[in-house]
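First structure 1, then structure 2: two forms of the same chain, each alone, as C-alpha cells.
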Structure 1
C-alpha cells in the first residue's frame, strides 16, 4: 500500500505538535490527558482536524464506562486525540491496554509524542502500518484473542474487510462491541449493509467467494482516494463469518443542532412518506402541521399531541420557531406554497413533482438563493432497495457498459377510477398525470445514476379503453445518451402480470432483471414503521437476478437485495446540508432537470419528434 502525496503532508499536524510542546507551562501539562485534549481543541479553532471530537467522544467514553474492556482497539489513530481520550477512559476503568493502529508514519510519530506527554505511553500502544496487516499479526500471534471494544475510524472502504478479518480468526464473539464513526456522513453504505444483513443474506453473498477489492459503493470519491491510492486492494480476501448476527444501534451525541419542522398538508403523503421519517432523525422535531379541515377520525392534533396545528400555510410560516417547511399538497399548489415559505425565511422540502413547469422551478430556485435558504425536492425513491442494489451493480462494473436500461412502474388497473376516488390524483390539473406522478421517480433515478441524456422521445396518453376525464394514465419515455445507452422509462395501467417487471438493465458484461416494487411503501401502508424490525428488508423470493457470460455461456445468479438506508436517509442528508456538511438529498436544481425532461417528453409525444435536451 503506497501513500499518496497528500496523505504524507502532515503540515497542520506538525504545527499542532509544535503548538503544544511550546506551551510555557509544559511541565504542568505533562501527565494530564485532559490538558492535552484541551490544547488540541484550542488549536482546532483555526484548523479543521479529523478528530472524533468532544461530542462523539462522549458517546464512546460512556460506552467504555459501561463495558470496562481490558483491551480496546482503535483503527485510525491520526494525531492521537482519540487514543488519549479513550485510552485514559479504559485505564480509569481498570483496563490493561489500548491498541491504536495508524497507517501514516508521520501521524503515528506525532501521536506517540502527544500520548507520551499525556502520560499514557506505557498504556497506549500505537502500531504503525496497514490496518489489515497489523490486525492479522495481532490475531495470528495470539496477542489478541478476542475483540471486546473496537473503535473504527480509519480508511472507510476498509471498515468491512477489516471486520471480516477479525471474524475469520474468531475474534468477534458474543459481547464484542463495534463503534464505527462516520457511517452516515461522509457515509459507509457497505459497512452498514454488512452489519445489518441477515445470516441468510450474508450466506448468499458468501457463495460468490471473497472480494478481491474494496466495496466503495455510495462513498464519495474523496473518501475512496484518501489515505491510500484509489487502486489499492485488501491484503487478505476473507469472507468473514456469515453466521454472526449484529445488533445495530445508532448513537447520536448530545447537544445536536435541531430544526423545527412544519408540514403543510395532512394527507397520504404527509402521514406515510414524511412524518414517520422526520421522527426518525434526532435533529428534526415535528413542530407544526397545516390541516385545513380536521375530522373526528382524521385530526393531526389528536394524532400528534403537542404539535401545533394551523389552518393555513400563511399562518404557519409566520411562526418564527419553524425552520423547515415540508410541502405535501397537490402539485398545482407547489409553486405558491414554496414561494410563501421561502420568502418567509424557511428552508423548504417540496413533495414531487417539484412544479408543473421549468419556469416555475427556475423562479423558486432564484427565490431560495435570494433568501439564502435551502430548497429540496422529495425524490425519496433514490433510496428504494431495488435501485440501491442496481446502482451497486452498475458502479462496481458487474454489468459493464450499459446498453439498455428499462425501468417500470406498471400496474393492472384497466377500469377508469371514480371521479371522487381522490382529491386530485386522476384529475387533469397542472402537474397531474402519470408522467408527473410516477415519471418523476423513474426519470430522477435514471438521471441520478447515468446523468442527463442527449435526446428525449415521449409517448404519453391513456391505456384504458374508457377515459372520459382525458387523464394521461400511462407513458413511455426514451432517453437517448451520447454514449449509446438507451433508457426506457415506462408506466401503464394495463399490465395483467403475476409479477410486474421493475428493472431490466443490460450491459456488455451482464444483465440485471428485477420484479416487484420496493417494499417500503407497502410496509408503511400496513403500519410497519421505519423503526420496526424488518422494515425495508425484501424477502428472498423477490430478489433480482444477475446474468453474466462465463466461458462463453450465460450464467444466472440470485442477487440479494441490499438493505437500504431507507427513506430516513433523505432526511439525514437534509440535516447534514442544513448544517453545511454536505449536499441536499435532492436539490431544486436537480428536480428542475427532471421537470424539463417531462416537458420535452410531452412535446415529443404531441409532435411525434425526438427532441434534444
Structure 2
C-alpha cells in the first residue's frame, strides 16, 4: 500500500513557524498553549489557514469540558492548532493523552514544534501517516480500545471510511462521541447520511459489501482532490457495524449569524462574480434573485431551485426576510437601486463602478447612514492574487520608496463592437466607458495601496480608428503623490501583445514587473468555481519578477504569486463587518473617492489641465 504524496507544500505554514519562533519574548510564550494559539490567529489574518478556528473550536472545547475524555483522537492535525487547543482542554479536564493523526510530514513537523512550544509535548502525540493506516495500527495493537471523543477534520471522503474502521474493531461503544467539522461547508453528504441512517437502512446498504472506493457524492471536485490524488482509495474495505445508532446533532458555533441575500440582476456579474462567492460563505444564504425577463435557457428560478424569484427590485425589497441586497445591474441604475434597498432597511453591496457621479455617491452614503445600514461596493480586485503579491512586496519594503507605479488593463480589440451589442460596457451611458469600468479597479487598487494622490491628469478617449458611438474605450490617468510617487493607470483596446503588461512598479530598492491579468475572471468564465481545485492559483509561467541591485548589478528573481484568499474573502469580510467585527471589504466612502478621481481625470482630459484632488 503506498502512501499518497500530499500535494500541499508548506510555504505559508513554514512562515508561520518562523514568525512564532522569532518572537522576541519566546520564553514567555513557552508552556502557554493560549499564547501559541493567539500567535497563530495573529499570523493568519492575511492568509487562509485550515484551522478549525476559535468559534468552532469553542463548540469542541465545551464538549471536552462536558465529557472529560481520558483519550481524545483527532484526524487531521495540520499545524497543530486544534491539537493545542483541544489537547490543553483534555489535559485541564484530567485526561491522559491526545492523539493527532496527520498525513503531511511537513505539517506534522511544524505541529510538533508548536506543540512543544505550547508545553504539550508529553501530552499530545502527533502520528504521521494516512489516518486509515494509523487508526488500523492503533486499533489492532490494542493501543486504542475505544473511542471516547473523536474529532474528524481531515480528508472529507475518508470521514465515513475511517469511522467504519473504528466500528469494525469495536471501538465505537455506547457513549462514544464524534465531532466532525465541515459537514455543511464545504459539505459531506455521505457522512451525514451514514450517521443519520437507521439500523435497517445500514443493514440494507451493508448487504452489498464494502465499496472499495470513497463515496464522494455531493462533494466539490476540489474537496475530493485535496490532500490526496484523485484516484486515492481507502486502504481497508470495512462495512462497519450497521447495528450502531448515532444521535446526530448539528452544532453551529455560538452566535453564528446568518444573512439572507437578494441579488438584483441575473447577468454576467451576478452569475460570475457574486452568486458563486455568496454560496461559499456559510453565513450568507442565497435567498432571492430579481430577474426582469427570464428566458427559456436563462432562468434564475431553474438555475437555483428553492431561491425566491422576483421581477422587480421594488417587490424584492418588501420581503422582510432579506438582509443584504447585491446590486449587479448597469451603473446608471445603481443610485436608484441602492436607494430603494437602503430605504427598505437592507444592507447593500453595489457592483462597481459605484455611481456615475460623486454627488450620487455622497447621497447614497448619507441614505445608508440615515437608515443605519452598511453600504459596500464590490471592489473585488483588491483580492487579485497579483495585486496581493505586489502589495506584500510594497509593504515589506522589497521595492523601497516607490517612484513609479504603472498599472495596466490592456487588450487588443481594435474593432468597434457591433452597434446592437446589448452590453452596457460598450454603450455611452452615465457611469459607462473604460475609465468607469476598468479604471475603477486600477484606481481603487492604487489608492488602497498608496493612499489618495495630490493631483490628477487624465487622457481619455478612443484608441480605435472607427468609433461611431463615441464610447471612450481607453484612458491614461496619472496620479501625482505629494511624496513624488507617480501612478500611471492605463487601459487600451489597441495592444497587439502576446503577453499584456499588468504591473511595473519601481522603487529605489527594487522593480517588480508582471504580465497577465489575474486568473480568477478567466477561470470563472470557463466554469471553474471557487471551490474547484486550482481556483485562483496562478500557473508559474505567469509569475512576476523582482529585480534588485546587488553588488552594483541588477539581479532578477521570480516572485511566486501568492495563493490568494480569492474573491470569497470579500464576502467573508462583509459578514465580519455585518457582525460588527471589522471594516467593510470596500466601503461606499472609499469607492466614492475613486469616483471623484474619475471625475477629475475626465475634467483634466477635457480641459488639458492637471487638477488638485
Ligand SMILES: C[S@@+](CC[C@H](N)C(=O)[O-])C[C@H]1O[C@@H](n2cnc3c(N)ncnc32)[C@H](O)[C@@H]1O
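These numbers come from a predicted model, not from an experiment. Each form is matched to the other, and the largest set of C-alpha atoms that superpose within 1.5 Å is called the rigid core. Positions refer to the first chain, counted from 1.
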Structure holding the form predicted on its own is number 1
Rigid core aligned, does the Cα position of residue 349 differ by 2 Å or more between structure 1 and structure 2?
no
For a quick test of reading the superposition: does residue 600 move by 2 Å or more at the CA between structure 1 and structure 2, rigid core aligned?
no
After a rigid core superposition, would you say the CA of residue 532 moves by 2 angstroms or more between structure 1 and structure 2, or not?
no
After lining up the core, report the Cα displacement of residue 61 between structure 1 and structure 2 in Å, one decimal place.
4.6
Once both forms sit on the same core, give the Cα displacement of residue 96 between structure 1 and structure 2 in angstrom.
3.1
